[in-house]
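So this one's two forms of a single chain, laid out as structure tokens and tagged structure 1 and structure 2.
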Structure 1
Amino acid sequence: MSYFPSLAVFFQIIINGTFLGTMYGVAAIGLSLIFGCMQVLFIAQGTMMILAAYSVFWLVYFMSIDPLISILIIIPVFLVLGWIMYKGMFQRVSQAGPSSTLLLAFGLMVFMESMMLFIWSPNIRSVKTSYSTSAFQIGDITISVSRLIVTVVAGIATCLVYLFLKKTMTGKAIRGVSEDRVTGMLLGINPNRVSAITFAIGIAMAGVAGVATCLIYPFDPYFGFLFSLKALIAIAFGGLGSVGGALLGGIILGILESLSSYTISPGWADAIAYAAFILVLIFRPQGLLGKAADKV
């Protein structure tokens, strides 16, 4: 503990990292669902988050709607948007293979960045609320109200997705297609319908993460790509295909970045995170929290 003046400082860093990691985790859940079901590496996930953040910015600016209330608007809108994106673009392109869908996702990311740049300009935006700067003390530890709210929202969203996948027939179909697409078709599951639902849920989770982002960070049109990278690292940590693992992977990443920023330098936080990402892929590709594949 020589790096930390007191236990309170250590726990403060862990708490801040946990709050940061929940945003990575929510973005990672959507990315993990899309890749697990469709084998599509949707690198535009972070850009969808920023689109949601800008949408909240307009709802607050023009209609004075609290960002937390805006979730009730963002989720259904992004569900529909995800469904349209899959039916209009990815369903057809997915037949050409993973490389084509990756290029499509990249093109979509660049297009949306350009669109947001045109509509909202490159100026950094932020969403201010009555609780943006509010905090409370527990001993020597300071808890940010907005960051605590983000953590609660992330936990609720994760639980709802988990229950949907475990308890509903559609959720079980999604899990079945993720495990074996051909067997799922033999059992009467329509893979295109399941993929459309999965893609819609993944985009809706990006919407939730976007609401969380705008509550804490200023943002610009190019801010999303960073979150896409962090979501990929969270998936590597948590294990592909696990909703809870994606959230826990994001929290691990957030804590790692917070500890690196404090003990070494803020400039080293990203480098250490990416180095950990590479090491995990080399030595434990199933993820820190994932199960190893069965050997044939």
Structure 2
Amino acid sequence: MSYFPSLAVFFQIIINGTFLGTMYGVAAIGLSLIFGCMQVLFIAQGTMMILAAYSVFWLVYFMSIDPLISILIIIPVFLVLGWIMYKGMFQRVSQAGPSSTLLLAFGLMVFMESMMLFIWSPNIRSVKTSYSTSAFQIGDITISVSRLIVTVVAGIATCLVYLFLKKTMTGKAIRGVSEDRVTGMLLGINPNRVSAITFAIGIAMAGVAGVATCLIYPFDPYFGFLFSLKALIAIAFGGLGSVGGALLGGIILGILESLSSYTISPGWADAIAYAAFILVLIFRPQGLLGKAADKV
């Protein structure tokens, strides 16, 4: 404990790490779902988040509604968008193997980034709310209101997706296809329909993450790529394909970054995160938390 001047500082760092990690985690959930069901590394996830953030920006700007309420509009829109993207593009391409879908995702990323650049200009945009910079104190620990809201929203979203996968027939079908596509087909599940639903949910989660982004950060069209990278690490921590694991993995990553940034140096924090990521991949490829066959 000699690294930290006091216990309060230690807890403060843990809490800040958790808040940061929730951002990574909420970006990772959709990625993890899509990967689990289709073996697609959808690296445009971060860019989808920024697209959602810009949509929120417009909703706030033109209709002056609270960004939190805009979730109710963003989620259905992005569900439909995800469905269309799967039916129009990924269904076709996914037969050609993972490298082609990776290429498609990359192409989409470049395309959307430049479309956003064209529509909204490279100037940064931001959404200001009454709670943007407010915080409250518990003892010596400061808690940021906007980040707390994001954490709660992420928690709720994860729970809903988790319940959907556990309780509904469609959710069970998704899990079945994720575990074994061929057996799923033998049992009469239409893998394309299931994949489309999963993809739609994944994109909708990017929408939720986008709302979270614009609550906390100013953004420009290129703001999302780092989230995609960090989300990849998060899902490796949590176990590829697991939903709860993705959020937890993100939080672990956030805490790891905060701690190493405080104790060593902010410059090395990234390297430490990546090194931990590779170690996890090597020694616990099922994720830090998962059992080998447990995919949710």
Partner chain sequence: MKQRSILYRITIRCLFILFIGFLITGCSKGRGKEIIIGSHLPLSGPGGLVGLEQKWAYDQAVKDINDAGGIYVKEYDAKVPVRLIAIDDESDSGKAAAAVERLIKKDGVELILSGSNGAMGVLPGMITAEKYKVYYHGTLIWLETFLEHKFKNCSLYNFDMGQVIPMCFEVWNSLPKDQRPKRPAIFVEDSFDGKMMGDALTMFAKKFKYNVVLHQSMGLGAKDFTTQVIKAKSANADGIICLANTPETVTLVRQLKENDVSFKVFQGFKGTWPTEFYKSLGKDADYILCDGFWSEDYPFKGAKEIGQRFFDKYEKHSTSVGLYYALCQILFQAIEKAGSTDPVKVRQAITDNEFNTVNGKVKYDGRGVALYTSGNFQWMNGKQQNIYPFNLAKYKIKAAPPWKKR
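Residue 1 is the first residue of structure 1, and the numbers go on in sequence order from there. Definition used throughout: the rigid core is the maximal C-alpha set that superposes within 1.5 Å between two forms. From a predicted model like this one, the values you see are computed outputs, not experimental measurements.
S.K.: Only one of the two shown forms is the form predicted together with its partner chain, so please name it by number.
M.R.: Structure 2, which is the form predicted together with its partner chain, differs in this respect from structure 1.
S.K.: Is there a C-alpha shift of 2 Å or more at residue 69 between structure 1 and structure 2 once the rigid core is superposed?
M.R.: No: residue 69 shifts by under 2 Å between structure 1 and structure 2.
S.K.: Hey, does residue 268 budge by 2 Å or more at the Cα between structure 1 and structure 2 once the core is superposed?
M.R.: After core superposition, the C-alpha of residue 268 moves 2 Å or more between structure 1 and structure 2.
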